[in-house]
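Below, in structure tokens: the form predicted alone, a single chain.
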């Protein structure tokens, strides 16, 4: 109930944020030197036909009035028609969004596992001869961006070893009727273990490439939080009571040190979700990243706008969930 209440409060406060983002995004796209009306018409369209299309799309009106008209249509679920694909922009983004969420969540699992495990290892190695080696390894990991990991994995596991697929979400010839859009979930619901395995194998390389790029900051923050926590009085009192070091670390110190790490993980998920764009392009992964690149290439303003809003909504929801978990783990922050 605490998590649901916190989530509800944050989602209510997120509405004006989403409103401001939509307004800024709408204004920024409208000042670009691109004429959506001309691009939506055939190459042989006359000036009169283009002007008629401009009037029909409301582009002949002042910018504030254009935004009000767009906002009214968006409230009804009409985000406009893709200039390039000639389809509803909202439906195109809704089809691509599950793939990106699936990739981002898988990458966050990798980043969290490596980050928390690595942070504990760095903390336990403090003051030992292997500490500089571990510090150097994390610095090296932090210096390699996600797209470079992606290219490296393609070369090693895809080209040299030919052990892993590195394009698409499924093997050629496989097709699963869309239920939710999330391949892993749909394959389970449909009772298709072969599709589940194929989807997991195709997801592995891009998820690890993203996860490796975002794990080192989690390691560093957890290690620093544990060092600060070990200076607290209750840690000394636990030692005086004869509690083992392992239990002090896992049952007492980690519970408090994980809070700033959890906040960072929420922020990291937002960056990771946005950073999936390049990885999706490199792996030909059909998600919002590929859709966004295609929209920018074709100056498809309706798609760009909906993708930007979708990114904003996902980040706001994730931050709300993190805040709720923060209240669950730290009762002192709960409202009384």
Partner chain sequence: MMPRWMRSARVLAGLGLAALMLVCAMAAPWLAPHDPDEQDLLAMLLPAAWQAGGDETHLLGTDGLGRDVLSRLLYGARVAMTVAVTASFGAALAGAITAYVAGYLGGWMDWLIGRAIDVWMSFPPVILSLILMTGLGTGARNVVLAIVLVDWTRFCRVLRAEVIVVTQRDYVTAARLAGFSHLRTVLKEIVPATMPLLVTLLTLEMGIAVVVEAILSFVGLGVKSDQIAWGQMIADGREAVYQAPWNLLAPVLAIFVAVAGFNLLGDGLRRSLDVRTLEGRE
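Positions refer to the first chain, counted from 1. A quick note: this is a predicted structure, and the numbers were derived from the prediction, not measured.
This protein has a second form, the form predicted together with the partner chain, left out of what is shown; the following refers to that one.
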If you check 29, 52, 45, 68 against the partner chain in the predicted complex, which one has a heavy atom within 4.5 Å? 29
The one residue among 159, 109, 250, 240 placing a heavy atom within 4.5 Å of the partner chain in the predicted complex is 159
Residue 221: heavy atom within 4.5 Å of the partner chain in the predicted complex? yes
Does residue 147 make contact with the partner chain in the predicted complex, using a 4.5 Å heavy atom cut-off? yes
Examine residue 325 and determine whether its closest non-hydrogen atom to the partner chain in the predicted complex is within 4.5 angstroms. no
Is residue 274 close enough to touch the partner chain in the predicted complex, meaning at least one heavy atom pair within 4.5 Å? yes
For the interface check, one of 151 to 159, 188 to 196, 242 to 250, 113 to 121 should have non-hydrogen atoms within 4.5 Å of the partner chain in the predicted complex; which one? 151 to 159
At a 4.5 angstroms cut-off on non-hydrogen atoms, which residues of 287 to 325 are near the partner chain in the predicted complex? List them in order. 292, 293, 296, 297, 304, 308, 311, 312, 315, 316
